[in-house]
Structures are given as structure tokens and as C-alpha cells.
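Next up: just one chain, as C-alpha cells, the form predicted on its own.
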């Protein structure tokens, strides 16, 4: 049963509906003013007149939001697709990018040979799953560093290795030690996909393009990403929001074997994704999404600490549909992005995901995770962080406390996740200090 709206919420909705007739907002308490400002943004009603109304209050929190979102009174309606405003991937130095690969299979020869046209320009961080006993086989011709269990133990301690970095979570060690601004991570069972014209897709270039052009989370553009070639803002899109905000996370997709959960894959064993949709969109603020760790890119300097290994299932396996660690991590980072006023994009680039695993057998392990999502999603949809949280680390610590308080009594796995989140932030700070020049 839905909770009825409060009188304050109804009053804010009424004020929003009549903002054009209001001449002064300075008498409102700070928390109500902030809620009204954010609702105005989400409703797409922030005109120049209304923006002046909020600025005239002189309230520091409102002014900080306006500054953080780069909302300006002096508007020059320049087409975003002009050369002046497009900041495409070619201006990013290859040395600003790390490719992180979690090695769950010993022989990476075919994987790296397939990716050679794309990866050979960049530095690779390959993290061997600590549970993998066989030696890695890696072809030559790449600039890379390989990290094994002994390297992880040395950096973070053997206890942390077992609890945080086994299985698919080994890639988070790569995030931890990377010193580059941008990180792209692709699973070792994926190869480059091809577009509708048969051309090889440069997944790294597309992720960097997504990350270096603005995101528009506060008002949805029906022509998708207005900063993509051939697109723009549609009629009615407020110019005050067209400069966008920093994009911190780029979520790519998959051809062939899509990232279904075990029940869906078991029910439709022959279903494959052959639809290549040439589109990128910004995920709206306060909208959650299941971030798949199979194919992602992110700005490590903006949200690095928020991509974390925390939620581990009791019977977690070595197939994607036997885990939910990336789903949990994705919801954490989306809350952080929303709070810090940065954006998340989804869509291009695609990778081609190979066949492996038995969904029926995996279903026996992952059913726990499927059920947990019914509690996880409402939590992340409702959690709000305080204005005191100004860094990703601050945000994660506040979220961990909320997880412990609200989800901890529901299931022991959540209490362990809260502890892991706190431990991760401590590790991040220690390792970053060690790596500082």
C-alpha cells in the first residue's frame, strides 16, 4: 500500500504548479526550498525568470546546486553539435585511459588477439581471479601489468583478498590501483562487435566519447543524446539545462548473449540479442538501472570510489548470472552521481558476448540474488544523502550506514555489504595515498 503524500509534499507540488505567479521564495525554509528547486528541475520548468527567483533567495545550498549544475543566467543558444561544444574522444590522450580486465580464464590469447586493434594503444591492467590456479597465457604486443593473488595480498592484505576480490570482483582491484582518469572494463568472454554496416566497433572510443560529452539527467531529450553526431536538443528543451553536466559513467550493451538473469535465460535458452540500436541516452536523475559490469567505462577521478565490491551471494559462482555484485555497485554509483550532480549514459558501445554456462544450474545459485533485488531496488530508489556528503567516499559511507540500518535486519548479506562498503573506502584512501607521487 502506497504511503499517502505529506502536507509538505502537496504544498511543494502546488508551489511548483504556480511558480510563474510567485515573486519571492526567500521566506521558505532551506529544506523546502531545495526540494522545490530539484522538483522544478525534474519537471523541466526552470525558465530564466524562475532561475532568477531562486537566485534572489540568496540561500547558499540553492546557489551551490546552481553552480554545480553549471546553470547560467546568460544564455547563448549555440547548437550543441557545433565543433565548439563537441568534446570527442580524439582529444583524450591514450595515456589517460586504463583498460581493466578481470581474468577468470587462464588463456587470454584469443580474447586479446580479437581486441588487439582496439586495446593495443592503451595500458592494460589484467587482474587474475585469486581463485584461478592455472597460469595465465597472454600474447605479446601489449602494454600491460598483470596482478595475481600475491600482488593483491601485498597491497590490501590476504583477508581483504578473499572477501572483496574473488571471481568477477577481481576487476575492482584494477579500479583501485589505476592512476588514469578514465577506466574501461570489459569481461574476458566478450569480443568486439560490429555495427549494422559490418564495421568493427571501437568500444573504448565510444565509452570515452560518452564520458567526455555532457550528460543531461535533469530533463529527458526525446532524441536521446543531443551531443551525438546528427542529434540535438528537441523543441521545448530549456536552454538553461542544455550545457549539461559531467558524464561519470558509461554503460555499454551486448550482442548475441544479452545480460539476462538465470531465470530468463533458462526460460528462453535460444534467445539472442541481434538488435543493434545506434543510440546513447542519459539515464534520468533518481532513476535506477541495473548496471552490468560486462562493458563499462567511468571517470575514476569523479566516481571511482563508488564502484565497489560489496554484495556477495553465499553461492556466488563464476558466471555473470550467478552474481549481483555489479548490480549493487551500479546502484551505489547511480545514487552518488545523482547526489553529486553528474550523469550516467547507457547504450553504445556494444560488445559481442560469447556463449558459456548452464542457466539451469546457475539458477540454483542465483535465485537468492533474484529475490534480494525486491528489497534492494526500493532502498536505492528512496535513499537520500546529506549535503555534508561532498565526495564519493562521503557518499559511500553514508549509504553504508543506511544499508546497515534499513536492510541489515532483512538479510545478513546486507549487513556484510555495509561492512564491505566501509572497508572499501578505507582501502581506497590507503592505496590512493600510497600511489600519490
Partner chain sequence: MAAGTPLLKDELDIVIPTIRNLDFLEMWRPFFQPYHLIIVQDGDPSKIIKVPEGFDYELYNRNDINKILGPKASCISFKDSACRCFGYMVSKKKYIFTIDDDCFVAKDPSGKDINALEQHIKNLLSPSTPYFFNTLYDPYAEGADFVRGYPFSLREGVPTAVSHGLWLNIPDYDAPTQLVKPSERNTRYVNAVLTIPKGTLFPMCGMNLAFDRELIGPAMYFGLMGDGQPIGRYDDMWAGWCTKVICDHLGLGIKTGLPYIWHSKASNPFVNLKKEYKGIFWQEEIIPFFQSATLPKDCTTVQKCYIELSKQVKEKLTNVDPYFTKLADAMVTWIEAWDELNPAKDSAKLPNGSA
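None of these values were measured; they are calculated from a predicted model. Numbering follows the first chain given and starts at 1.
What follows is about the form predicted in complex with its partner chain, which we do not show.
For its partner chain in the predicted bound form, the listed stretch (286-294, 304-312, 93-101, 120-128) containing residues with heavy atoms inside 4.5 Å is 286-294.
Using a 4.5 angstroms threshold between heavy atoms, residue 331 counts as touching its partner chain in the predicted bound form. In the predicted bound form, its partner chain sits within 4.5 Å of a heavy atom belonging to residue 277.
Proximity of residue 195 to its partner chain in the predicted bound form falls outside the 4.5 Å heavy atom cutoff. Contact check for residue 108: no non-hydrogen atom falls within 4.5 Å of its partner chain in the predicted bound form.
Of the listed positions (68, 32, 401, 377), a single one reaches within 4.5 angstroms of its partner chain by any non-hydrogen atom in the predicted bound form, namely 377. Interface residue among 351, 184, 327, 164, judged by heavy atoms within 4.5 Å of its partner chain in the predicted bound form: 327.
Residues of 214-253 lying near its partner chain in the predicted bound form, listed in sequence order, are 218, 219, 220, 222, 223, 224, 228, 229, 230, 231, 232, 233, 234, 235, 236, 237, 238, 239, 240, 242, 253, the criterion being any heavy atom within 4.5 Å.
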